[in-house]
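First, one chain by itself in structure tokens, the form predicted alone.
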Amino acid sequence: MRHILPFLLLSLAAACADDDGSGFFITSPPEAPTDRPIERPFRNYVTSDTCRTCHPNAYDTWHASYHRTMTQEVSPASVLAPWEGELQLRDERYVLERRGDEFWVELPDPDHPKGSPDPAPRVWREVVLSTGSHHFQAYWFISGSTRKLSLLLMCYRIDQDRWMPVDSAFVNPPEVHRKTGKGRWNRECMDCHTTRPRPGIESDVHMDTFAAELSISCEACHGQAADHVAANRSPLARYQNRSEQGVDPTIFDPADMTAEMSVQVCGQCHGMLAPANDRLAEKARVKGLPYRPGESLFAKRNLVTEGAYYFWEDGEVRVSGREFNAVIDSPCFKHGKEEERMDCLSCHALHRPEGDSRPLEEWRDDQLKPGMRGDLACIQCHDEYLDTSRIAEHTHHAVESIGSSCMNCHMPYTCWALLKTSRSHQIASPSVKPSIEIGRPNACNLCHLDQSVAWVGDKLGEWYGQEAVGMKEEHRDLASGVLWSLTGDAGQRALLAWHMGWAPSQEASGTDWMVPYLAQLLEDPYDAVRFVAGQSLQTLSGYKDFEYDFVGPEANRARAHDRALAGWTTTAQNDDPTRASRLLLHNDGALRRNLFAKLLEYRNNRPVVLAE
């Protein structure tokens, strides 16, 4: 329930100046709770409810989006998980309890002194906010220290209707376990998961946190709307503003802006940026990050382009949610005339277009314009490929085949999201050089998992004149699916496990050889790798109902490995002995177990954290 009624905004607002500048500021009503973040519209923010009156279609589609439900106040309508019984996380036990419309959890006291010889007493904490509603939902409880929140270390996987450790939702080293993250929501999450956040962090204890809205709402993209509301109160004024100005000057609309300004609206959250200096960083701890739609995103922030948690070694983004960095480094954005440059709205529709017959559920999955899952996304600019004969000439694959898909070649799935991959938005042509130098799988080998990197290099040289690249013996002798799933780091193994369940990969490379590699990944040290391996295994013939719990006891996971192998009978007719060799198979299809085990000894066990 909102603490501020939108129809009271203008009547209750007091025009005053805070230390950021002047604007409407509305104080919390006396009954507002003091132990959690709240909604408090200020500095000309009026909330989405005010926008609804004049923009019902835009409001309705936003309301159906995952942006709206990214952060929610906990209620029977918003909580997706079954809230009853007990949850066990390693040696900690959580008890869930509904108290009317309230949601509570009993757990060991998070404030118990670290290193104390006495066990932590058990305490009850009210859960007040949720994050996410698409793949996962995470829950935040009051810390008992002002508006600071702590994280429940179990999250809910929506499509599987199950609880799992928050650690398991990310690529995390097995020896690294998250703590309750006291104040983490206030310090980090709210920056992108709310509208106009104000952390109010005065110390690790005192946090007077609020936001204009506890969701990603209208004013997150369009800017504060009080002036717009005032200027457009009468129908005549609305008409005149539109007809005389072409665009309404009282509000920011990304669709009316240049690509450079439009893409920055998305970049405020879907990018990696940091305050330009320590003074601004300290100020942001209290007042929030300094950006409003229509301003330059780089006025007080710098672009971050390195760091193993988010980037491949050559600076290309390797996690989802940071697409801004990739887009602005792509030739489709950097080159050409301004009116021809690609931006986020070239493919995405933040509101379902009027007349769009797709169900809201289909539109909101990625908020794409109609047809943008296919080649139209690229052909809308590269119209020379409307002539389908040129497609086959360009791709060397049959028209409408998976190998002729623009995005499969130029936007491969090399980024990691929440237990799945996502497409790279750094549009580029396939090359084996990154695969050899830094280990990023190339687009061709992500379909042709049964072929070597050298095979791809030869094809790219033959078709496009790419120069040959020096490579090691394993890049010539082993299939890429074998090499990366057995010797890659955790991030590479996660990508390979996912692609073994991807229909285009299965079509291009066959599935007769995959079971031993997925079976091995069922015992991977990383939870995320095991999860995806189990999902992919279930897509293979004979394994649809394969039972496997990726966070079950280690002994059970070992038995699952053995069961998977026991059920594998290859249907391969290995008339090509070189293919069998690449896949570590004998000519009769049996696994070369000694070579398999030897290669596994070279697995890259460096710690990997992918912080989507």
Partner chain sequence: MNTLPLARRHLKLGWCLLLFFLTMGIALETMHGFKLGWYLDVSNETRRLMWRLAHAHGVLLALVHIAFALTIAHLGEVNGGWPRIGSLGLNLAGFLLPGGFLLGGIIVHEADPWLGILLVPLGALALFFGVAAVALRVLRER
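Since this is a predicted model, take the numbers as computed values, not measurements. Numbering follows the first chain given and starts at 1.
The protein also exists as the form predicted in complex with the partner chain; that form is not presented, and the subsequent description refers to it.
With the partner removed from view, the residue among Ala558, Ala566, Cys54, Ala32 that has a non-hydrogen atom within 4.5 Å of the partner chain in the predicted bound form turns out to be Cys54. Contact with the partner chain in the predicted bound form, defined as a heavy atom within 4.5 Å, holds for exactly one of His270, Lys287, Arg238, Arg364, namely Arg238. Of the candidate stretches 548 to 556, 55 to 63, 576 to 584, 38 to 46, only 55 to 63 has residues whose heavy atoms lie within 4.5 Å of the partner chain in the predicted bound form.
In the predicted bound form, no heavy atom of Glu338 sits within 4.5 Å of the partner chain.
Interface residue remark: Glu473 is not counted as part of the site for the partner chain in the predicted bound form, having no heavy atom within 4.5 Å. By the criterion of a heavy atom within 4.5 Å, Asp118 is excluded from the residues contacting the partner chain in the predicted bound form. Residue contact with the partner chain in the predicted bound form: Glu354 places a heavy atom within 4.5 Å of it.
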